[in-house]
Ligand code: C2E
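First comes one chain, alone, set out as structure tokens in the form predicted alone.
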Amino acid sequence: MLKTTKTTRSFALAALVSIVLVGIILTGTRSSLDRTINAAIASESLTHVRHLTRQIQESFPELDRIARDGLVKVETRRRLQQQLVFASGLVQLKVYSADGLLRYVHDQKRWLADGSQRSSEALQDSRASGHEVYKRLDADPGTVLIRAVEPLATETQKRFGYLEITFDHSDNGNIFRDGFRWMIFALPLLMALAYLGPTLGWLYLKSRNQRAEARLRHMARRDSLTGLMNRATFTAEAEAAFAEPPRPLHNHGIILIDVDQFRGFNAAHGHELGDAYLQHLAETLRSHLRKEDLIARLGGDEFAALLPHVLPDELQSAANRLRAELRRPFQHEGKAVAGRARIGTCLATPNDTLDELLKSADIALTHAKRNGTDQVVAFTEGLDSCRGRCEQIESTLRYAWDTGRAHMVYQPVIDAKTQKIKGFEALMRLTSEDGTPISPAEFIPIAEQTGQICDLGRRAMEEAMRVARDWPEDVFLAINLSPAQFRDESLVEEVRWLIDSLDFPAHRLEFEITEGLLLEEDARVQSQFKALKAMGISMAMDDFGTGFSSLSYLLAHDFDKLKIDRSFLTGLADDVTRQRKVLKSIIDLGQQLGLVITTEGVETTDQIDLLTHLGCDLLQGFYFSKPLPEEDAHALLLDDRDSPALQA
């Protein structure tokens, strides 16, 4: 606002100076032009008077007698009067003697010999200089009155008197002025425009450049989509806020927000709707936080808010209020979509720096992501200890295969009708330095966040295919693919190379992918999905039913199998009737689409009976076997081949 006011004042001052200068130019040009025209009129008038004077001298040789003794013959007077009548504009004609005595006055129609009339200044000047003298006697700007005095001399240059003529050239001057009247107005105007045009152009360009510079400064400080602070501006403003001493019982708090599965949301609904949702989120932050709070878009779907001088309860209340508001459906061009956000908060201690506060809030946000969607997690010292745990797991993952801490286990997949093994799902396991198992729910998110998942997955795939190539031809191998692996452009070539180098039949290989991958769908995902299918690999949708768009993606892609998530068995166990209806609907849908149906998490005979009755094809769970090491899985497969199959 201050810069805008300064620019406006600068423009107004420049405009005022321009107006003053234009006024000066108009006035000066008009005055100069008037003087020039008057000088031209005077010059033309003097020329006319000089010509008339010469004409009178040549026409009346009697002037020497008149000047010497004042005697004017009647015939001479008559001729003078006749001559001068035709001299339009003549006011007065006088003849003086050599010593300045007035001898004859034309306008009085009489002659004087006593010299009683006072001589004029023009005559005195002429007598003093010995030359002709011309003076303007204008009484007002509208008249041009000229007085001319010419010395009279003989052919031998002996002066015998003076001839004085007073001539009114006003009529000719007005004609002359009328001829130049357009210049009196046009020339000053043109000169003013000649200055004002470039000046206004310069002012316009300067104003435009200032606006452009202001926009660039704004863009350098603000996020172009939401108008919020960008990361650099937020950091600078937050550092300035930290320089202020905290109030009693108050301190600085921070809220970090991450939109849940925004890339998938963006891909599913379009970038336009995704951008509109980010703008909606930014407006929600503005309207539900205080004016003094600093709000920024850090990048992508990550937002931050620094709340200066806030109480602990106020910080948590603000975070919960934002979560509740973001749960509301977002309306855009007739579409209603619901977003979910993970939120991490932290309240600074008196000795905390901004970097420490941001790191602590990021730890809280990481735990919110791991705990699921729509979570608000406040930082505690207990979470800080988990950071060391994460760093330890990250270090373990880096050399997991080389140090023998990573290995594969295999869980059998059973034919629901015959109870025979149809295949195995390969699962990666990790142990710490002391041999303690690390849960996949703990190390897989860390591997994905650190970018190690692609290398780990490649090694796991190679190990599983090496083991499974010795199994019977009718036993398939199922491998989970992380969305990060699927986004790797080299995935298809690596799979093809493994199949060729290990001589593993592609039709025995099955890749299980989750809805999370399809939510991020783009042309590359589509291309790799089709390329893997073209190689003969079976594609299965894993954890069906846990997302909000599973059905739409199931219909849009050429899957071979559908895996029902274990939550449909455990979550509906208390309502058998509802459980049966839901499972039947899913199985019927899969059968209508020609898919092989697998149910995970089978642990009881009642579940087996229910799923078999509903027409489920394959079963997997602890009832049959937990995931087994390579040797135990091979032994289980041999026993299964030796045992008789159940009758359908």
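Residue indices: 1-based, along the sequence shown. Just so we're clear, the structure is a prediction, and the values are computed from it rather than from any experiment.
This protein has a second form, the form predicted together with this ligand, left out of what is shown; the following refers to that one.
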| property | result |
| --- | --- |
| Selected contact from Leu307, Leu256, Leu509, Met428, since only one has a non-hydrogen atom within 4.5 angstroms of this ligand in the predicted bound form | Met428 |
| One residue of Asp543, Asp352, Asp223, Glu164 in contact with this ligand, assessed in the predicted bound form (non-hydrogen atom, 4.5 angstroms) | Asp543 |
| Listed range touching this ligand, judged in the predicted bound form by heavy atoms within 4.5 Å, from 315 to 323, 154 to 162, 479 to 487, 495 to 503 | 479 to 487 |
| is_contact(Ser538, this ligand) in the predicted bound form, heavy atom dist at most 4.5 Å | no |
| This ligand contact in the predicted bound form: Gly70, any heavy atom under 4.5 Å | no |
| Contact test in the predicted bound form: Ile453 vs this ligand, heavy atoms, 4.5 Å | yes |
| Proximity of Gln411 to this ligand in the predicted bound form, heavy atoms at 4.5 Å | yes |
| In the predicted bound form, residues of 590 to 624 near this ligand [heavy atom within 4.5 Å] | Glu600, Gly601, Val602, Glu603, Gly621, Phe622 |
